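Next comes just one chain, in structure tokens: the form predicted alone.
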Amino acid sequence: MWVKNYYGFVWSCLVASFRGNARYYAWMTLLTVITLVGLNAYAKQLVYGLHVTGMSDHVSWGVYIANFTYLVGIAAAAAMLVIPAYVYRDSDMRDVAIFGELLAVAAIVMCLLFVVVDMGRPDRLWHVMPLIGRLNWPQSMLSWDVIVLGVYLLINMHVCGYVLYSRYQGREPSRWLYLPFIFVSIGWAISIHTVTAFLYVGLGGRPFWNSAILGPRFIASAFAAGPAFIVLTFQLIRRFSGYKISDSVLFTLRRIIQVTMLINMFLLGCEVFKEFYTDSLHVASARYLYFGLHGHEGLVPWIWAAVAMNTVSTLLLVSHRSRQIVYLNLACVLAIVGIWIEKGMGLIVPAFVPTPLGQVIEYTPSVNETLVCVGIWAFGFLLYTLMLKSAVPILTGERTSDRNGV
């Protein structure tokens, strides 16, 4: 009997995800077209190799790994909904926590896709699969990253799937079957970004990453950009789906972003002081990033734009203006873009410039590389939209096993 109910639940979700108004179809068509353009660009990369990207022997990590790093933080931000919802028992946050967990699922899928496209030989992906490949565990930090990301994906899939299935059956989910996973996910959310930071810190040949506060910086920036992204997402959900999300939820997230942005800016200041006050040979990468090196200034306007965005965002958040939705949205957009630049191109690329031999070889993403990135982001939005389209009718009681609408 449960098998029949389960297949009915899956079929109901599929039906719901393909039904909508003209605006929904237009949005999904746009995302599908962009995804296919990205897929075509990736097919070209498979044929001609990483030569079609802007990466080289000197700068071997680029915008793919930059997006991977950023999205790990977006995925970890689901904890910022879970903590007030289940630790502090905020009923308003509990009603919307599942949307953050669905976002975590989409973000982790995008993370994995960015890792795949960054590999020169994706057919060798099986080497990093537990029980199949050889992970060199526990010595390899990459093996730890594979494990924590995979487990975090499974935890969020279980929680979302079980809660939605229970609501579809018209009953409250058993706390013992999902609540322990909720609390595990809080610690696991911190671990995925900590391990990602350790991937960089552990590379002794790259002094730009050799900082003990890189892990705390990762977590602070993740818990700022992630909730900022969720604030904007929640407003779109309540506008286009009709699901009721109160302003109290948005302002609870505002307080979280406010604190984490202050911590992020403080840690960034500590890092800048450490780099430039010592004025050692290892300051070359930071000097290239902030002021240029030997006439090469490719990232200078980007990082100063990021600093300006983060500063303005922080000032808005600590002022009373951000109690108005329009200014809160502006602060969130500035934080999202500013942290993407800072944690993306501003973190990954400078570690390779200059090279250990002192050569300054800059990196600029190619058009093909950019199309692949845009395609993956479009696929992530497509996946998240499909999950929301399936989840919202179940959460509102419009779609149940008694009236599945099929």
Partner chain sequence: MLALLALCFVLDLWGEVEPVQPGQSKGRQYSANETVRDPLLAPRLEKIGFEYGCVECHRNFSLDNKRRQRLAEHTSIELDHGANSRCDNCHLLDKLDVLVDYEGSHIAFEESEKLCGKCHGPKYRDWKEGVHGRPNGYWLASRGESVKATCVQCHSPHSPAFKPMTPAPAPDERRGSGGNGHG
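Positions refer to the first chain, counted from 1. Nothing here was measured: the structure is a model prediction, and the numbers come from that model.
Below, we refer to the form predicted together with the partner chain, which is not included among the displayed structures.
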Look at the stretches 372-380, 66-74, 336-344, 28-36 and give the one with heavy atoms within 4.5 Å of the partner chain in the predicted bound form. 28-36
Although the partner isn't part of this model, could you tell me whether residue 55 comes within 4.5 Å of the partner chain in the predicted bound form, counting any heavy atom of the residue? yes
For the stretch 364-382, I need every residue with any heavy atom inside 4.5 Å of the partner chain in the predicted bound form, listed N to C. 364, 366, 367, 368, 371
